[in-house]
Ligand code: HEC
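Quick setup: one chain, the form predicted on its own, written in structure tokens, and binding and motion questions come after.
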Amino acid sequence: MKLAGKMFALIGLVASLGGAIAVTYFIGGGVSAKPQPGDLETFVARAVRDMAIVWHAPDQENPLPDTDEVLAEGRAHFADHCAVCHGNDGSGDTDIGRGLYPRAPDMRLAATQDLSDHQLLYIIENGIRLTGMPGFGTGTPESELASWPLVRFIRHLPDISESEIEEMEALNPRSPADVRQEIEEERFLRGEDVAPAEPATPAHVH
């Protein structure tokens, strides 16, 4: 009993020290998303993420073949759902991607490419807490099957071509303003009268 009591006391002390260190870290560094995680925070976060995925996700290979058809399906899905944060090329160099904490990763690099197939699938389906990465899955086999083409496409990102990126640009979601401008351009080319564009709303200045 005495040994068990000492063990619980030691665990409590370690947990208290860890909590105090975490609180001090966040208070000292603030809660701004502008700075990026340091090497230690990045290492710890990735290690915890990988352990959690191994614990919760079964190890499985991509059941879909590496074909042009599967790759095209993943490319279209990525352009429509993922590129707003990750960019069509997977670089993460977008307005939203640069504003996240941590920033959206460059998925062409080893930090993403070295993940296993089931790790990539788990992240797509479930997201990652405190990173801005949402979970898109519904918890059904059908949802997982629809996400496997994305895994194929992510593997392809280091070799993506300019023609593929151009194709994806046509599939990227467009704002209502973009749609209106496209319609007006088409009407102008057909020789129809086009209403003058409304003046842009001034941006709020802080």
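Heads up: residue numbers just count along the shown sequence, starting at 1. Just so it is clear, the model here is predicted, and its values are computed rather than measured.
The form predicted in complex with this ligand exists for this protein as well; it is not shown, and the discussion that follows is about that form.
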{"property": "Any non-hydrogen atom of Arg75 within 4.5 angstroms of this ligand in the model of the complex", "result": "no"}
{"property": "Non-hydrogen atom contact Asn88 with this ligand in the model of the complex at 4.5 angstroms", "result": "no"}
{"property": "Close approach of Arg180 to this ligand in the model of the complex, 4.5 Å, heavy atom", "result": "no"}
{"property": "4.5 angstroms heavy atom contact with this ligand in the model of the complex for Met168", "result": "no"}
{"property": "Heavy atom contacts to this ligand in the model of the complex at 4.5 Å, residues of 133-153 in sequence order", "result": "Met133, Pro134, Phe136, Leu150"}
